[in-house]
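In the form predicted alone, a lone chain appears below as structure tokens.
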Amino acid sequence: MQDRVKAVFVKALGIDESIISDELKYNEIEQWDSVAHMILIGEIEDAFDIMLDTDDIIDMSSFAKAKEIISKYLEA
């Protein structure tokens, strides 16, 4: 699953895969601003065929948190 999430981050944020790690945080890089965050959410929902709750969208503050949130939906 981590590779799929990485691919979504690369596509949505237009960043190189090499800078993606669990420590990557929202607003830490200029490519992950509020507009890009909504694009990222849309890409995640499409890639994993899920609909994220508003609280999860707000809580998605890092790559590690994104993996945690997505896995919660996949287990349901």
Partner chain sequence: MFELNLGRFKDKTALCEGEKSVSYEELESLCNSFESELPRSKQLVAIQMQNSIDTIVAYLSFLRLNYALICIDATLNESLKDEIYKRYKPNLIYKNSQLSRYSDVKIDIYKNLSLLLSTSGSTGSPKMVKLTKENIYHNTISILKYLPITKRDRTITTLPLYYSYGLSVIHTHLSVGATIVLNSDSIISKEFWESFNLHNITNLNGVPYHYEMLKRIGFLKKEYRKLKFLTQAGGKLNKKLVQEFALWAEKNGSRFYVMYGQSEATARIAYLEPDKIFEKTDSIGRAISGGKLSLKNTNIPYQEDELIYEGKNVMLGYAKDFNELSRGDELHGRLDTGDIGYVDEDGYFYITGRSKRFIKLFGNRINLDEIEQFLNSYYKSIAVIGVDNSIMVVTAHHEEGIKEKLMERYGFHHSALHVKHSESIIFKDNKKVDYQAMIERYL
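Positions refer to the first chain, counted from 1. The shown structure was predicted, so the numbers you read here are calculated from the model rather than taken from an experiment.
The following text describes the form predicted together with the partner chain, which does not appear among the structures shown.
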Does any part of Ala47 reach within 4.5 Å of the partner chain in the predicted complex? Heavy atoms only, please.
no
* Asked: Does the partner chain come within 4.5 Å of any heavy atom of Ile29 in the predicted complex?
  -> no
4.5 Å heavy atom contact, Asp55 and the partner chain in the predicted complex
yes
Can you tell me if Glu68 lies within 4.5 angstroms of the partner chain in the predicted complex, counting non-hydrogen atoms only?
no
**Q.** Site test, Leu13, His37 and Ile41 vs the partner chain in the predicted complex, non-hydrogen atom cutoff 4.5 Å
**A.** yes
